[in-house]
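Just one chain follows, in the form predicted on its own, and it is written as structure tokens.
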Amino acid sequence: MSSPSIFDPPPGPPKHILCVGAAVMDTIFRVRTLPQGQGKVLPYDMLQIAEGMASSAAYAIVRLGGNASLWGAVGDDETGKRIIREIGETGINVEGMLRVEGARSAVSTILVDDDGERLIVPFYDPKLHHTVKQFTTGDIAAFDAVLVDVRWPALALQVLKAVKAMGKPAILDGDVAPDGIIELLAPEATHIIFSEPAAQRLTGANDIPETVLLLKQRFSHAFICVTAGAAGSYRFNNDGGKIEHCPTLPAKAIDTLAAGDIFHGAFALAIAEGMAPGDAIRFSSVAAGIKCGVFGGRLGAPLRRNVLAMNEIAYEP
């Protein structure tokens, strides 16, 4: 019998995380190299899949043994029906999804090359997020933590405020967004995980540890981490008052699409389960690293037993 791991779930029912934001129909093409100019690109594999930042994070939560609900918006079109159906079939609760009359559902065309890098062309109809979903305090009380992305900022802001007031984790996926969005949401978040491009855009700095320090100075109330792909992640240790680094898995990337989303979902679940922030970051790093070895966006999200096994191989002495 194996010894207990810091990544084992706590006793009791699975934690329930609310994810708020993007729900998109992605068409993913696998190509040898990303295009450098005009011309025709011939893919050698493809798939269509309903995902998006919040949606993929919710999928990661379910795969890792948690419960997840998704609040997102789709159009009143066939694509919207398909998005809700496919996401619901994964075990994510989609009862809170909103279908917006007169809006087109979000779609993306994505190229993934043989080094796992991607080129993304997303389309979001502005009408999708003009309406703010109505909810009550009771609706929010059912969740152990909330994770929001930047795609539906008006709803994300209200949800973050409600959850923070209850003393529960209010987690922000700090990805690249239109001017002012992160500045609007960050004051209401208890934990913020920035992507490297978003961190650089907000701070004007290129050195990752420097961006962490500048972001901590700006949003001192929150736990701050910056993810940097193959370079791993950097976080500010509130206890030690210093910046700490967590490496990623040492393996060739097949597909980095949705890796950040898997990271966020894993982190939200880990924090809801009471895991220490440093352990939660490592848990998330392993989950995202495993995902990068699988083509297909969110389809690479691992099961919890795979994360435990890989952690023992990659990190444990």
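One rule holds for the numbers: they count along the sequence shown, beginning at 1. Here the structure is a predicted model, which means the values were calculated and not measured. Just so we're on the same page, rigid core means the largest C-alpha set that superposes within 1.5 Å between forms.
Below: the form predicted in complex with a further copy of the same chain, not depicted.
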Practice item. Examine Thr79 and determine whether its closest non-hydrogen atom to a further copy of the same chain in the predicted bound form is within 4.5 angstroms. Key: yes
**Study point:** 4.5 Å heavy atom contact, Pro43 and a further copy of the same chain in the predicted bound form
**Key:** yes
Practice item. Determine whether any heavy atom of Pro35 comes within 4.5 Å of a heavy atom of a further copy of the same chain in the predicted bound form, and answer yes or no. Key: yes
Point to revise | is_contact(Arg85, a further copy of the same chain) in the predicted bound form, heavy atom dist at most 4.5 Å | key: yes
Check your understanding: Would you say all of His130, Ile140 and Asp144 touch a further copy of the same chain in the predicted bound form, counting a heavy atom within 4.5 Å as a touch?
Key -> no
Check your understanding: Which one, 115-123, 210-218, 165-173, 188-196, holds residues whose non-hydrogen atoms are within 4.5 Å of a further copy of the same chain in the predicted bound form?
Key -> 115-123
Practice item. Sort through Met97, Val100, Leu111, Ile181 and report the residue having a heavy atom within 4.5 Å of a further copy of the same chain in the predicted bound form. Key: Leu111
Practice item. Using heavy atoms only and a 4.5 Å cut-off, determine which of Val107, Ala228, Ile243, Leu157 is in contact with a further copy of the same chain in the predicted bound form. Key: Val107
Check your understanding: Has the Cα of Pro35 moved 2 Å or more between this form and the one not shown, judged after a core fit?
Key -> yes
